[in-house]
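A single chain comes next, written as structure tokens; it is the form predicted alone.
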Amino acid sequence: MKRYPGTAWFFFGWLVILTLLPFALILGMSVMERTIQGTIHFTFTLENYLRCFHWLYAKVFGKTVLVAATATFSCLLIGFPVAYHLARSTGARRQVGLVLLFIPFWTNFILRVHAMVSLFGNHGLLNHMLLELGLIEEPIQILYTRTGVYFGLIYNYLPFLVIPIFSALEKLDPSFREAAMDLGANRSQTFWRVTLPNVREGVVVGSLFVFIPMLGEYVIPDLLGGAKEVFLGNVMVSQFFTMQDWPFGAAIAGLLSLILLVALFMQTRWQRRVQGVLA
């Protein structure tokens, strides 16, 4: 079997230049000081990180975590049955289901969000249908609210949770479920005691794939939430491009990266513990 050391070095160089180096620049910028005149001093300070825990920004962070966690849980409730159905399907039925799952990604992300603006607006398709059916007397305010952001997060991130769960369910040996049924377990007991424990890794990985990007999401809260719903991603972008306070914006990005690393560390530790128990 041939080895290609050049490919490994190319990947390592790509990882360092496009991932580790920008991350190091962000961390370096986060410990610098910005003066009142707007200039940046190359002095070490943790004031930017301490400022992140100010009540105003802590409140925004708490709201962002709450909405992201709620949307992730909703994606899990919707995505698990979809992944389960796809895993048990075969042939053309499975292929059509996977194609339908990825059809939204054939269009630009910004266009998909703008489509939701047309759907949820006061004069949008949803309100128009409800008014025509006589179910409501006046348009429902969904756009530019937290509810609109919630629906936008679910719509755009649902496939990222379905795929890891689908992969885990596809690898699950069907004889496990059959053995449980033969031993007298009903469908509910089989799901909770056999199916779910064997696909927990897919559920955790899929949840992380969805929850972590939601924390830093900017476009969806900006277009669907409006000025009333400010999330952490909006604060971070405004600090970089509006307030020109790059050190503070970098500190927010650094905290989000720290949350990512802690989540990945916990997931890896949990996975090793599960593998140790099974071994």
Partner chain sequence: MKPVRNPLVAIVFWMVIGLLYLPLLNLIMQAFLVDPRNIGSGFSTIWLRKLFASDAFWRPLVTSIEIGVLAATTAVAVATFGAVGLSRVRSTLPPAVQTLILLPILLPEVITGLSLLIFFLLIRVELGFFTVVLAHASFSASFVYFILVEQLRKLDPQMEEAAQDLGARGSQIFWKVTFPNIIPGLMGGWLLAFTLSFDDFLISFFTSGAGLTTLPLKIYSMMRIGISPELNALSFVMICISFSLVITLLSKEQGREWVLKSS
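Nothing here was measured: the structure is a model prediction, and the numbers come from that model. Positions refer to the first chain, counted from 1. If you superpose the two forms and keep the largest set of C-alpha atoms that fall within 1.5 Å, you have the rigid core.
Keep in mind that the form predicted together with its partner chain is missing from the display, and what follows is about it.
Not one of M32, K228 and W270 places a heavy atom within 4.5 Å of its partner chain in the predicted bound form. In the predicted bound form, its partner chain lies farther than 4.5 Å from every heavy atom of Q141. Looking at F53, you'd find every heavy atom of it more than 4.5 angstroms from its partner chain in the predicted bound form.
Its partner chain is not drawn, but in the predicted bound form it has a heavy atom within 4.5 Å of D222. Contact check for Y49: every heavy atom lies farther than 4.5 Å from its partner chain in the predicted bound form. Just one of L130, L196, L183, V99 comes within 4.5 Å of its partner chain in the predicted bound form, counting any heavy atom, and that one is V99.
Along 60-90, a non-hydrogen atom within 4.5 Å of its partner chain in the predicted bound form is carried by I78, P81, V82, Y84, H85, L86, A87, R88, in order along the sequence. For P247, a C-alpha deviation of 2 angstroms or more is recorded between this form and the one not shown after rigid-core alignment.
After superposition on the rigid core, the Cα atom of L27 is displaced by 2 Å or more between this form and the one not shown.
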